[in-house]
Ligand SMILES: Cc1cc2nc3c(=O)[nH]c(=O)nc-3n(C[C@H](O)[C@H](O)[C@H](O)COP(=O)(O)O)c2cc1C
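What follows is a single chain, given as structure tokens, in the form predicted on its own.
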């Protein structure tokens, strides 16, 4: 990677002047400095020491991590391309989690992690450990000391998602290997109460040598460069990665992400059925009708209890549930919950994961 110091992007020029009436020409030299033309000035992305530690810790090529959504196929593609994939095992049965981990271990170099939302019981955790899952990530709570002991005993690593200095201090008592710092820019269910510009400096203040990745509104290599310049070790991406060919969301949902901009997202508790937590989603007919009625609470929402579709395994999807239009789902897809972060406006296409990662790195380097 070529380094360039913007503070020294100036040139010394020689200025010549003629002495009229003397019949002689004398070259007078001065060190008058002038800036380069604007089009020649480029900011070059450069990894910080925390990023380098992160890459070494997981034997990664790039400091790009997949957020929980997207599925096993996407996780494998990201891992094979040199990033960190993710499989969400919180909702998986113990048997299914065991098989998923075995497949991931076979198809990757272990550069993936299992995500557990601790709002729900981590029923598959022990089987994931037994199958040899190399990395774990926990959000919406802290793992128990017993869980941490099992992870360490198995030689695995783990991460905790945090959103404030106090939250990070509690998490660090468990000696995690890395942290995710989530901001209000994020899509999906949002644990954060601050934007990254406020949360990240607080978390970095107490993190010490523990690498901290940022999560929320990251869609381009330029976003990643800014995060790393501000002290983060890397970036976690949800919306940008689920709008890739290998993800397990429907083509309809992917196109909605491509068509949207930041103003199309909303931070709300509209889709509260099954989990009444704040989330960021794309505005759709369900949200707009609910908003038009004054955002009533459960029991008074327009169309509440109405079945609007089915999952790929035949389960009914009710209006206001957290189920989105995933691959194979049928019904009124537009009315379903579609998670998206504030960086959605930078999503312009649906590439293969490997092509996307290569592009992100070139944008990071500003090539």
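All values derive from a computational prediction rather than experimental measurement. Numbering follows the first chain given and starts at 1.
The following text describes the form predicted in complex with this ligand, which does not appear among the structures shown.
By the 4.5 Å heavy atom rule, the three marked residues 135, 159 and 176 all fail to count as contacting this ligand in the predicted complex.
Shown alone here, residue 63 lies farther than 4.5 Å from this ligand in the predicted complex, counting heavy atoms only. Although the partner is absent from this view, residue 187 contacts this ligand in the predicted complex, with a non-hydrogen atom inside 4.5 angstroms. Taking the partner from the other structure, this ligand in the predicted complex has a heavy atom within 4.5 Å of a heavy atom of residue 341. This ligand in the predicted complex is not approached by residue 234, whose heavy atoms all lie more than 4.5 angstroms from it. Proximity to this ligand in the predicted complex, defined as a heavy atom within 4.5 Å, holds among 163, 124, 139, 286 only for 139. For the options 76, 117, 228, 206, the one in contact with this ligand in the predicted complex, meaning a heavy atom within 4.5 Å, is 117. Contact with this ligand, judged by heavy atoms within 4.5 Å in the predicted complex, is confined among 145-153, 290-298, 234-242, 167-175 to 234-242.
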